[in-house]
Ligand code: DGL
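Starting off, we have a lone chain in the form predicted on its own, written out as structure tokens.
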């Protein structure tokens, strides 16, 4: 797994696989991955906060959405993606996916030689600083894990947390159906319990969801503060790079895009977020056949 990385670093302890075992080159890119285009919101925040860094973005579009999958499935997918990233190689991995962060981060972060960061804790910290009645919209898997509720209450036990699972949101975004007539109805239906609960803060508990911000802002009262964990994730990544002396301070930064599904479809869906059509390369993850289900399709979502 680490052959290419080992050729570029000085091994301090041959038997160890911890981050401290390698002197990781500062000029390596940062790996960012998500189930699809959602992680682009994290990528843009990282690029803005770390302008000298290069990035390798991977969208696992052959297996989107992650939110309805089991923990075993998520962990298997994440291991395959991180193994592929290790071969590139990278100096840090960002799980730009709340579902992965909730169900796989603690398990896999000790299995690789580079630091791996998730988005949940930075988002939880920002929300607690903002309000006392915190709403969370997320995938069913993230809600079921109760990761946001635990993180928030650990920071401040007096805060109230209200969670809502939104299984339709990711398929709608991946299919570029943000402004579909039924999308507004679906979003309003999912947000209604949070409005009734009189939340004062809303966490976008999935990196896809900021793509729906134009619709969400029309439905939620303006008094509700919206927290996008991507911004706070970028700050946390910068702090980790500084701590490990891995921040790049010079060179010509570049960003490469890879997907496990259809490159052309991803490029089309990514254009509104990036402001340009990226060049995208397809990658076949070894040992994993596509696990798409009928319920993953946007057609099924729009018929509900």
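Positions refer to the first chain, counted from 1. Everything quoted here is computed from the prediction, not taken from an experiment.
Heads up, the form predicted together with D-glutamic acid (DGL) isn't pictured, but that's what we're talking about next.
Among 259, 246, 64, 46, the residue placing a heavy atom within 4.5 Å of D-glutamic acid (DGL) in the model of the complex is 64. Stretch 96 to 104 is the answer when you ask which of 227 to 235, 96 to 104, 183 to 191, 75 to 83 has residues with heavy atoms within 4.5 Å of D-glutamic acid (DGL) in the model of the complex. Among heavy atoms of residue 170, some come within 4.5 Å of D-glutamic acid (DGL) in the model of the complex. In the model of the complex, no heavy atom of residue 134 sits within 4.5 Å of D-glutamic acid (DGL).
Although the partner is absent here, residue 203 is not a contact residue: none of its heavy atoms lies within 4.5 angstroms of D-glutamic acid (DGL) in the model of the complex.
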